[in-house]
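A single chain comes next, written as structure tokens; it is the form predicted on its own.
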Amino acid sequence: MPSTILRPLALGLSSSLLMLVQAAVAADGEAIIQKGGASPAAMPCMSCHGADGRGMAAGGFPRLAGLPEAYLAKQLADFRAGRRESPLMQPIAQALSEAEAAAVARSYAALPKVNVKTGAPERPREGSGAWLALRGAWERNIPECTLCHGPSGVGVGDAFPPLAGQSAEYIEAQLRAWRGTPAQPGGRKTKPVAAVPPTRRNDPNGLMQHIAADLTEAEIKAVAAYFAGLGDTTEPFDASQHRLR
């Protein structure tokens, strides 16, 4: 066979082989979670999110295990693009290649989902975290959290992630990130404090920014504590909880 034909054929085979090798490496999301990505700046995910992917409540690091793959991939893309700000996560997301980010999302999505406490919920006390979660505050145009995040907060589809199983610290922090910090007028002995804009702007149609802005600090703490108390339970896993995902 003429060398002029063999040369492009060999180049084609080399390119295909290289792509296969790259795909194999990139597909190893578990290795990235445990050891980090190809870039030194892409630190091991488990350092903050735990060896089991259930997060570290004390540090405010969220549970990633069992979250929808498309949701996780979007969050990494949003960190990379600055739609979701974090001095810790933005450099890591930017250091991951697109293939590595996809592999990490796929690996975390394959881990066990949250197992929520079963049984009929007690009648919520008006104004409590449970009341906001289950009934909302429609007089202020705040829908119940479960309307979007599903029964018991187990999540719906790829856009509305589980709230059950996340720590109160993390849920509180995200609500404040969507809300930002309102300006504080100065007093006789204090200086005025300028408003801080939201650091998270990646919710569908700005829905969470509106809700968070209308919640009081006490309500943020109450609703976060409610969802944090729902999972994980030691009861047998109930896969039917996740029928909407």
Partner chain sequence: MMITPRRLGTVLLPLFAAQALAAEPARNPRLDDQTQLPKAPARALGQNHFQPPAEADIPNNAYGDLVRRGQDLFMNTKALAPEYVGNEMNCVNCHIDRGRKADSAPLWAAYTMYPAYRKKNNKVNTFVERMQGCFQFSMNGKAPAPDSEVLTALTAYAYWMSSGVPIGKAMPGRGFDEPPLPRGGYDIARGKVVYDRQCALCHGVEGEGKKVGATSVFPPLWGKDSYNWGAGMHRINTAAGFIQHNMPLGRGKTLSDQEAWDVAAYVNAHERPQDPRLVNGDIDETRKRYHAEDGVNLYGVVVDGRKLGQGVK
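Source: prediction; values computed, not measured. Residue numbers count along the first chain shown, from 1.
The form predicted together with the partner chain is left out here; the points below concern that form.
Though the partner is left out of this view, residue 79 does not reach within 4.5 Å of the partner chain in the model of the complex, counting heavy atoms only.
Although the partner is absent here, residue 164 lies well away from the partner chain in the model of the complex, with no heavy atom inside 4.5 Å.
Contact between residue 95 and the partner chain in the model of the complex is not found at the 4.5 Å heavy atom cutoff. Contact check for residue 206: a non-hydrogen atom falls within 4.5 Å of the partner chain in the model of the complex. Contact with the partner chain in the model of the complex, judged as any non-hydrogen atom within 4.5 angstroms, is confined among 86-94, 104-112, 151-159, 166-174 to 151-159. If you check the partner chain in the model of the complex, you find a heavy atom from every one of 135, 237 and 244 within 4.5 Å. Between residue 237 and residue 150, the Cα distance is smaller in the model of the complex than in this structure, by no less than 3 angstroms.
Compared with the form shown here, the C-alpha atoms of residue 148 and residue 237 sit at least 3 Å closer together in the model of the complex.
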